[in-house]
Ligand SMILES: Nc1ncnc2c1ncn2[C@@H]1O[C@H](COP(=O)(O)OP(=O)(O)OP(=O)(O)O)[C@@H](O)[C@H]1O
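Take a look at this single chain in C-alpha cells; it is the form predicted alone.
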Amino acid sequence: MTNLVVAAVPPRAQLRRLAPAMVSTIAMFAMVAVCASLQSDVLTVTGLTLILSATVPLVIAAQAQMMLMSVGDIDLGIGNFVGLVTVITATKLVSSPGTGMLFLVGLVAAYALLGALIHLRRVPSLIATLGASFVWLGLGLFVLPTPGGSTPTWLATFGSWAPAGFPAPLLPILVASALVWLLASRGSVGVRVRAFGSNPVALQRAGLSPLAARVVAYGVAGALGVLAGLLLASQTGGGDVSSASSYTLITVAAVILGGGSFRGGNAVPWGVAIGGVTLGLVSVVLSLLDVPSNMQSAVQGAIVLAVLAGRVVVGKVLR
C-alpha cells in the first residue's frame, strides 16, 4: 500500500495557493456591498436569500467542473447535462419516481462511461464532452420539447424552504462544498484524482490505475451535475434543457477564479464555491444597476477579467 507523505507547506507558498480564493472573496464581498448600497434590504435574511438563490446550482455545477479540471480535462457539456436533469426531474421523476431515479443514476453512469471512453480511446476531453453536450441536448428535447412540467412535491418544498435564522441557499452551498472538500482534498480518492492530473506516469508506477482515477472523477462530476439539476428544477418549478446552457463557460471561470488550473492536479472546492457565488452576484449587481441586457455579458466579462488580473498581480507579489 502506498503511503502518502505530506510535506509542510511554507507560509509564503501557502499564501500563493490561497491568493486566488482571497481575491475572489474580496470581489464577492464587494458585490454584496454594491448590492447593499443599491438596495438596503439585501443585508437581511430575505435579501440574502434572494440574491444567493440563483448561485446555488451554479456553485454545484462548478464543483463538477472542478473535478474534471483536476484531472486536466474540461467539460463543455455540463450546461446541457444540468438542463437534461431538470427535464428528467420535471417529467419522469413526477410521473414515475422509481423510473426517474433510474434515469438519474443512468446519467451518472453515462458520465463515468464517458470518462472511460476518453481515457481508453485517448479522445480529447473537449471534443468528447462537446459531442456529449449535443447528446444531452437531444435527449432533453426528445423528452420535453418545450419548457414545462412540474417538480416533485418534496423538491418543491425544499426549493421554497425559508428558515428565519439564516439564508437558505447557504446550506446546500456549504454542505456540497464540504463534501467535495472531504472527497477531493482529504480522501484517498481525491489524492489519486489529483495525482493523475499532476503526474499520471507516477501514479501508474505507484501501482494505481489512471483509468480508475479518471472514471471516478467523471462519476463524481456526473453526480454533482445531477444535484445541480435537481436544485435548479426546485427553483424554476419545471424543466428546460436550455436553462443552464450558460453554465458551461461560467463554471470554468468559477474554477479559475477559485484557484483552479487548466493543467490539473489541483482541487479547491471552497475557492470554487466563492468563485461561483461571485460570478452569480455579478448578474444581480448588473440588474440592480439597470444595465441593459444586451450589455450585461460584456460587462460581466470585464468584471471577470478584472478579478483574474487581480489574481495575477497578487500571485506575482507573493513570488
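The numbering used is simple: start at 1 and walk along the sequence shown. All values reported here derive from a predicted model rather than from experimental measurement.
Only in words, not in the display: the form predicted in complex with the ligand, which the text now covers.
> Though only this chain appears here, would residue 216 touch the ligand in the predicted bound form if you measure heavy atom gaps against 4.5 Å?
Replying inline: Yes, residue 216 is a contact residue.
> Does residue 148 reach the ligand in the predicted bound form if we count a contact as any heavy atom within 4.5 Å?
Replying inline: Contact check for residue 148: no, nothing within 4.5 Å of the ligand in the predicted bound form.
> Is residue 212 close enough to the ligand in the predicted bound form to count, meaning some heavy atom within 4.5 Å?
Replying inline: Yes, contact at 4.5 Å.
>> I'd like to check something about residue 92: if you look in the predicted bound form, is any of its heavy atoms closer than or equal to 4.5 Å to a heavy atom of the ligand?
In response: Residue 92 lies outside the contact set for the ligand.
> in the predicted bound form, which of the listed residues (207, 106, 131, 124) lies with a heavy atom within 4.5 Å of the ligand?
Replying inline: Looking at 207, 106, 131, 124 one by one, just 207 meets the 4.5 Å heavy-atom criterion.
> Since exactly one of 170, 189, 116, 139 fits, which has a heavy atom within 4.5 Å of the ligand in the predicted bound form?
Replying inline: After the contact test, the surviving option is 189.
> Can you pick the stretch from 221-229, 243-251, 76-84, 189-197 whose heavy atoms fall within 4.5 Å of the ligand in the predicted bound form?
Replying inline: Within 4.5 Å of the partner lies stretch 189-197.
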